[in-house]
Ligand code: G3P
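There is one chain below, alone, in structure tokens, taken in the form predicted alone.
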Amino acid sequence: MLKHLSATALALSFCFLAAPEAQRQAMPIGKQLIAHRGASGDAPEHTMPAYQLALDHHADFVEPDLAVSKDGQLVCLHDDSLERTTNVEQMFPDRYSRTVQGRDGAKQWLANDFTLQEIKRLDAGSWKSGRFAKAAVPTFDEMVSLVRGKAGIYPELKSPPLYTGRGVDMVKIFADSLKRQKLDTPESLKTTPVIIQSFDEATVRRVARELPTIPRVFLTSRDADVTDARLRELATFASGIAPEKAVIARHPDMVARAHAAGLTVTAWTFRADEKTAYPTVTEEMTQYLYTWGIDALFTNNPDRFPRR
């Protein structure tokens, strides 16, 4: 069971008050702490140490970004490619993509070009600190095994169009995984809540159909997505909206308007190492949670989350 939420907070409330009954989705009550890529401020993102530290810091949800390996396995990885957070360039120097390059023209080693066995050979921890040397890239199944029953799971489907262009149905692989692990049942959602997120609108619309029991959140960094008309449209297929925190700061009234449309509001991303107008990241999070009234936020520093 979740140790750090009250019995009331564990209960599932119905959002989508303005939408038809069939489209309403259960969302957790209370201010929600989502550990962004795990406790990524202190441990290498998307590794088992980062996920465990998030649990130690009492995260309500742990976030795994997801990618798909060459052999169709879900792995926890923020980028589409492996070079930023692993030693893939040293292990497989000639295996970079010949067709895809980074924004600056740099070579990329796409996760989808490597089998799970190959990905598991990589060191995903040394870039952060030598004490995390040889930390591996986890599979989604491994992440679930660690977190299940201790916190919620908040997966992001990264770059679905990239996979579609390669003939890979990322959404089907993900949906099949959730169903196989029985993470989509009303009973499982009481002990291990799951919320799906994506920047890709088509993906959010599709999971609304294919995984109707699971809440889903539309990610955005666009001011155009917080107009009244757009919020009403989003409420026809999403349970919540997750704007970049700067969007909320420019339009703090959008929180009440989103709530009126039946949407929850989640902000991203709060980091202790970022210079902001706030003295501390805790004070910044407090402003968003308790003055502007958002429901949840992503932070690299779950130990600094302000609970009341």
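Note that this is a predicted model, so its numbers are computed, not measured. One-based numbering along the sequence shown.
Keep in mind the form predicted in complex with this ligand is missing from the figure; the text below concerns it.
The closest heavy atom approach of residue 65 to this ligand in the predicted bound form falls within 4.5 Å. Within 4.5 Å of some heavy atom of this ligand in the predicted bound form lies at least one heavy atom of residue 37.
Contact annotation: residue 298 falls within 4.5 Å of this ligand in the predicted bound form, judged by heavy atom distances. Residue contact check for residue 142: none of its heavy atoms lie within 4.5 Å of this ligand in the predicted bound form. The stretch from 87-95, 159-167, 195-203, 106-114 that comes within 4.5 Å of this ligand in the predicted bound form, counting heavy atoms only, is 195-203. Checked against this ligand in the predicted bound form, the residues 219, 175, 183, 122 give one hit for a heavy atom within 4.5 Å, which is 219. Residue-level contacts in the predicted bound form: of 150, 128, 232, 78, one residue has a heavy atom within 4.5 Å of this ligand, and it is 78. Taking this ligand as it sits in the predicted bound form, the stretch 268-296 comes within 4.5 angstroms of it through a non-hydrogen atom at 268, 269.
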